[in-house]
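Same protein, same chain, two forms; see structure 1 and structure 2 below, as structure tokens.
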Structure 1
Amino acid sequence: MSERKWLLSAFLPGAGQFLGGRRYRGGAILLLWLILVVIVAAYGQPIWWISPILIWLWNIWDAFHLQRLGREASLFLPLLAGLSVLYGIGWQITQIDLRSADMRRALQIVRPMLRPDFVQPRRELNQMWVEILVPCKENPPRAFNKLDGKTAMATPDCARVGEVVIVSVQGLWPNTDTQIWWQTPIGDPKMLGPNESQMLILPTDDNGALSATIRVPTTALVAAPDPSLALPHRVYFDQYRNVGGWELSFNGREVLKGAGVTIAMALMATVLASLFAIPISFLAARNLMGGHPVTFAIYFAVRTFLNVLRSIESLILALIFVVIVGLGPFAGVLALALHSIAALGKLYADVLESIDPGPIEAIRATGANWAQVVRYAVIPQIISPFVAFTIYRWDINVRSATIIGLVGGGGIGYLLVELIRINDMRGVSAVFITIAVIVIALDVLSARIRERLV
């Protein structure tokens, strides 16, 4: 490096380092500086120009150090300057504004969550219902029901979404508050109160009768595979009175039911994925498929397929399967299974590639074919890690199944969306606690099993 070569860094960052023999260092300095200049020019305010200026000055000092002292300057300053501007612009892009926080609204949400809706005083239920056809068809059946001395009817006998229906009931307990709610053909409950976010509660008269005007919920046909197909929906009339003791509340039962569906979804998806991923992983292992141009081409194609499939989040896959098969756990299972095939296939293949090559070479030396090599030299080495990875994936799928429910994939996540929609924060709190318990329990269980197997 000549006497004045370090000055070239004053005109082009990294030039002095590059000409001084530190080519990678000079190229990295130039690339970092250019990236920061582009980011600051596109998003930053004038104050952020301090960062590329500091890096430019540091780069001159670094080139001088290399020439005069024979050593490199510390990277602390350029890294700090670069990270500072990236974080600052990131704060600006994400529009973080702590002043927008509404503590009053936050307290309205948090206070009911401190009383999770799991149990309630044990009550006796007095229930009646009537079926209404939605949407209408020619000659609909009469919307009338008679049961145990109670009668219920609706006028008209059928209706479309959003239309008004008059429902009435007789034979209930007199002078008792009665909850009136809607149930779709697949069992989803819908509120009939204001904005469809509150329970409609009306008292019966001295004779145990009441009449109410309701509207068919706007979400009554959301999960219907064919909204034009007329199906029977139900309007329920529920009365309760305390009989002593405690029992699971409605939300408590729904939360436990959703938790069971979520765990089952994860289990079904993991089992299906492992059945497909095991044979695929053998085709994605380089040490097993690299001995011939044809098998290597298969290895490359399978690896590419797994990488592409693994890059698509299960949440996106769930949205696609919801369109194909409709709302419900089946869509969630398909999404989790497809993503798990890619993930487990990659993990299984990595295990195969890290096995001891000695037994493989010994079996091949005897003239064994590919299937025999796999049977006697590979499988004995992979059983334990395969089982451990499968259990670990089940643990991951339980967490993912919760999120998939948010887009209609069934399970406890779907219940969570419904509770948030109707602003039932006590129910939301019960869901949060249940999810935490499930995740912690499965995490501990899977960790113990993996410890014994690995």
Structure 2
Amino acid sequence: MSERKWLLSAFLPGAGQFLGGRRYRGGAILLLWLILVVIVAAYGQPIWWISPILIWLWNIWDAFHLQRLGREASLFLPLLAGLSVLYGIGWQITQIDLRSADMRRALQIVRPMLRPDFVQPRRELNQMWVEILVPCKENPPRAFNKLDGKTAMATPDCARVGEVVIVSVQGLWPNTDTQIWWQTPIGDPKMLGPNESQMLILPTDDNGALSATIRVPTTALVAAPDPSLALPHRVYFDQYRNVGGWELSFNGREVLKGAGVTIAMALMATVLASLFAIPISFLAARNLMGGHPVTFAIYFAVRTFLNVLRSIESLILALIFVVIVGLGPFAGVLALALHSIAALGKLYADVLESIDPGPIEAIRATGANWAQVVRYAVIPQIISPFVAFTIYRWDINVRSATIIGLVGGGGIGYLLVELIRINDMRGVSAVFITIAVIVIALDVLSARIRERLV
């Protein structure tokens, strides 16, 4: 019977190896095989059962090999079978579908990103407008406007939704593209081009005059409280001309503001955190607190608290603070600060624990009390590592601050989410560039400062 021990592996994987004296090998085979079976049973399609079956067969072969030839069988087959199942199922449940990676859509996203919306050429606006009554009432005022030597008029003087109106304008810049658009009394802009979804753009003639046939937009009265009430709507004629030079675009300003807020968030969080972390770290330093059972208990409690807090991502803390104090950078500062207190508290405490005990002994020998010992023997030793760690934390916090915005913590991350929501990829591109610049710049800066300190 005993020379057939390997057959036991057919009934329970690993049993033959186990009884053959290879306990770890047998145990590992059984454990890994069971895990594989559970995974396949829970998530796989029937085809994945091939893998546990293959490994089962290999396990019999391995037991036979071990007993008869005293050699282990190659691990290649079971590794291949196990890994292919693991990755196959992983592929399936993470819904990796290369067909859904639509390259045309990717191009649509990437192409505008190649032209980040940071600055725009400085432009000058030449604007003219005329008021027209919609819908008609009796004796409408003349649709005519005269302004700075420019005149604009519309015929007829009033119209219903969908009716044709001829507008003309004189005194604009000659031979320049002119955007013609509609503004309702409450200030909503409407486009007048094809399908009312494109801007109507026409050039002026040599004398700066222009005449166009437009239709009152179908949506002109959509937001009106009383569609039968005749109110003046406006038709605008806009001309733009580059005047040389560049200026920040709207998105550019927002991005810079967001970047400023992000850096400020990180800075505030670091400053607040270090204010709290410094006293806490003294309680978490074993060499200062280890002398007495009570102080040791405090040390242990503080250390445990710091470790638990440190293991909670600042992003998750941000979720909680967003619920408490609402969206905005304040929630982000609180989350970053709380996480940083834990991280800095531990780093500071480690510094305190590694200080040279010689000076402490010397000062204590002069009859100094605890506070005096700290002032004259401890602080001189810790100041530069504390500063170095604080700057390092600021660097990390800037990185974290960019993502805390994503969950509503304010700053450049929040701007990123908003820009993606309105599909403004040129703005998104500006945000991405700015993030890289900030992060890399602060990385270099903090490395420089720390090099000088340490």
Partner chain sequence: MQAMPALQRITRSALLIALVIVVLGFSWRATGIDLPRLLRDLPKGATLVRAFLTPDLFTREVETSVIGVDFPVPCGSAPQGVPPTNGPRLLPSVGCAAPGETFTLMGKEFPASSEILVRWLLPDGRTLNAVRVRTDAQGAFTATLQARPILTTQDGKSARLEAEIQRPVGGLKPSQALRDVAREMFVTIFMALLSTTIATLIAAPLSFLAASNITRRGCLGSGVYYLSRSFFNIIRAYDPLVMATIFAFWLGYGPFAGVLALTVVTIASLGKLFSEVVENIDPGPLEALQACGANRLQTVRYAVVPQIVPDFISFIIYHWDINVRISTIIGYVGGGGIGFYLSQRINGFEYNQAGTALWAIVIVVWLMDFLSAEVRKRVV
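Rigid core (definition): largest C-alpha set, two forms, superposition within 1.5 Å. Residue 1 is the first residue of structure 1, and the numbers go on in sequence order from there. Keep in mind it's a predicted model, so treat the numbers as computed, not measured.
Novice: If only one of the two is the form predicted together with its partner chain, which is it?
Specialist: It is the second structure that is the form predicted together with its partner chain.
Novice: Under a superposition restricted to the rigid core, does G88 display a Cα displacement of 2 angstroms or more between structures 1 and 2?
Specialist: After core superposition, the displacement of the G88 C-alpha between structures 1 and 2 reaches the 2 Å mark, so yes.
Novice: If I superpose the two forms on their rigid core, does the C-alpha of I55 end up displaced by 2 Å or more between structures 1 and 2?
Specialist: Comparing forms between structures 1 and 2, the I55 CA shifts at least 2 Å.
Novice: Rigid core fitted, is the C-alpha displacement of G252 between structures 1 and 2 2 Å or more?
Specialist: False for G252: its C-alpha shift is below 2 Å.
Novice: I need the CA movement of L98 between structures 1 and 2 once the rigid core is aligned, reported in Å.
Specialist: Its C-alpha shift, to one decimal, is 3.8 Å.
Novice: Please give the CA displacement of L34 between structures 1 and 2, in Å, after core superposition.
Specialist: Reported C-alpha shift between structures 1 and 2: 7.4 Å at L34.
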